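Next up: a single chain in C-alpha cells, the form predicted alone.
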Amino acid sequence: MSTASLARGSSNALGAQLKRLVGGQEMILLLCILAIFLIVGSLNPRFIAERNLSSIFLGNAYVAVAAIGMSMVIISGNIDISVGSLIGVLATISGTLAVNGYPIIVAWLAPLLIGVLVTGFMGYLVAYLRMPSIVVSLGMLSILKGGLISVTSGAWISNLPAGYALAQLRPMGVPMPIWFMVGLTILAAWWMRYTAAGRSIYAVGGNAEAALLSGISPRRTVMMVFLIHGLFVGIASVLFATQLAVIQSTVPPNLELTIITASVVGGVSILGGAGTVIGSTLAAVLLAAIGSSLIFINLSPYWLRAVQGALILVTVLADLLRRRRQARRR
C-alpha cells in the first residue's frame, strides 16, 4: 500500500472521528449549555454570578450521579421509576443514623449498602423472574414513598453532627460534589467502553438473544446493572443529604422524572443498547441551567416540567428516526 493511500486512510479516519465528536449528542448538549449561559447572562448578569453557578452545578450534582446508574439501566433495556423515592429514603436513613450517634462513616456507607440491596432485589425480579422493570419499579416506588411518609410524617432531621456534611467539603478548593460528578462520570464511561462487562450492557440492551448466542448472560448482566445502579443511587443520596444543614424526610418532588430525563436527553436510547453516561451528566447540567434561567428571565419555574416533557419527546423521536435510517441502510 502506498504512502498516499495510508495518508488518505488516516485522514478519513480522523475526519470520521471529528464528525462523530462535533455531531454527537455530547457536543450538542455542551453547546446548548454555553448558549444558555451567554444568552441569559446577557439578559441578566446575575445569572452567571458565582453564587448562581454554584447552585446550578453543586445543587444538582447528585442528579448527575444518579443519572449515571439510570443510564446503565436504560441501556440494558430496562427502567427504574422508583429512583427518586429511593434517594429520599436513603437520605433519611443516613441523616437518622448521623443524629443518633452512629459513626459518620457508617451514616455515609449505609445508604450505599441499602441502595445496592434494594435495587439488587429489583434486579432479581426483573432478571430471573422476568417481571417487567416498569412494573417492579412502580411497585417499589409506592412501597418506598408510602413507607417513608408513614414512618417519618415528613419530619425534618436537624442537629446533624459536625463533619457529616460531605457535600460541603472542598478538597483542593473544588467542591466535593464536583469531584464525585466528574470522577464517576469518567470512570463509568471508561468502564462501559473498554471492559467486557461494560460492553455487555450494550449487547444485552441491543439484542438479548444475540448477546446470549455470543456467550453473554442477559440475566447476570441485568442483575449486575441493577446492583451498580443501587451503588450510584446510594452515593447520590449521601450528596443530597449532606448538601444542607437539615434533611426533610420526604421524597424530592419529580426527582425520578429529572433523572430519567437527564439520561434520555443525554442520548441514551429509551429502547436500550445505545447511549453514554457523559451525555447524561451534561444533560443534568443543562436541565439545571434551564430551570435557573427561567427564574432569571421572569418565567414560572413550572415551565421546566413542560420543557422536560418536550425534550423527552424530541429525543425519543430523533432516536426512532435514527434507528429507522439504520434499518433501511441494512
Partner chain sequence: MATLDAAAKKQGKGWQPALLRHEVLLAVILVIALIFLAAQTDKFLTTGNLLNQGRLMAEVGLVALPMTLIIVTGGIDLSVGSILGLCAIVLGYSWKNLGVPLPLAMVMALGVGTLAGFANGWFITRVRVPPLIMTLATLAFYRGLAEGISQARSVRGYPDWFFQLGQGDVWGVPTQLWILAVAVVITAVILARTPFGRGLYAIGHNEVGARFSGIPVDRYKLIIYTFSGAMAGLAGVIFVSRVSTTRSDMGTGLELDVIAAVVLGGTSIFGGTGTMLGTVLGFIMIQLLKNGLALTGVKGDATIVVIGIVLILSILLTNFIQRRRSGNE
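Numbering follows the first chain given and starts at 1. Predicted, not measured: the structure shown is a model, and the values here were computed from it.
The following text describes the form predicted together with its partner chain, which does not appear among the structures shown.
J.: Which one of Leu257, Ile186, Ile104, Val99 is close to its partner chain in the predicted bound form, taking close to mean a heavy atom within 4.5 Å?
T.: Exactly one listed residue reaches within 4.5 Å, namely Leu257.
J.: Just to confirm, with a 4.5 Å cut-off on non-hydrogen atoms, which of Met192, Leu112, Leu141, Met224 contacts its partner chain in the predicted bound form?
T.: Comparing distances to its partner chain in the predicted bound form, the residue within 4.5 Å is Leu141.
J.: Against its partner chain in the predicted bound form, would Gly215 count as a contact residue? Criterion: heavy atoms within 4.5 Å.
T.: Gly215: no contact with its partner chain in the predicted bound form.
J.: May I ask you to check whether Ala196 falls inside a 4.5 Å heavy atom distance of its partner chain in the predicted bound form?
T.: No.
J.: Could you confirm whether Val277 comes within 4.5 Å of its partner chain in the predicted bound form, counting heavy atoms only?
T.: Result no; Val277 lies far from its partner chain in the predicted bound form.
J.: In the predicted bound form, does Val136 have a heavy atom within 4.5 Å of its partner chain?
T.: Yes - in the predicted bound form, heavy atoms of Val136 and its partner chain come within 4.5 Å of each other.
J.: Quick check: do Lys145, Ala310 and Leu320 each get a heavy atom within 4.5 Å of its partner chain in the predicted bound form?
T.: Spot residues vs its partner chain: full contact, yes.
J.: Among 226 to 234, 75 to 83, 196 to 204, 88 to 96, which stretch has residues whose heavy atoms lie within 4.5 Å of its partner chain in the predicted bound form?
T.: This holds for exactly one stretch, 75 to 83.
J.: Are there residues in 106 to 133 with a heavy atom within 4.5 Å of its partner chain in the predicted bound form, and which are they, in order?
T.: Sequence-ordered list: Leu125, Tyr128, Leu129, Arg130, Met131, Pro132.
J.: Based on a C-alpha change of 3 angstroms or more, tell me if Cys32 and Ile312 lie closer or farther in the predicted bound form than in the shown form.
T.: Here the pair is farther apart than in the predicted bound form; there, closer.
J.: Look at the CA atoms of Ser263 and Gln308: state whether they lie closer or farther apart in the predicted bound form than in this form, given a difference of 3 Å or more.
T.: Those two alpha carbons end up farther apart in the predicted bound form.
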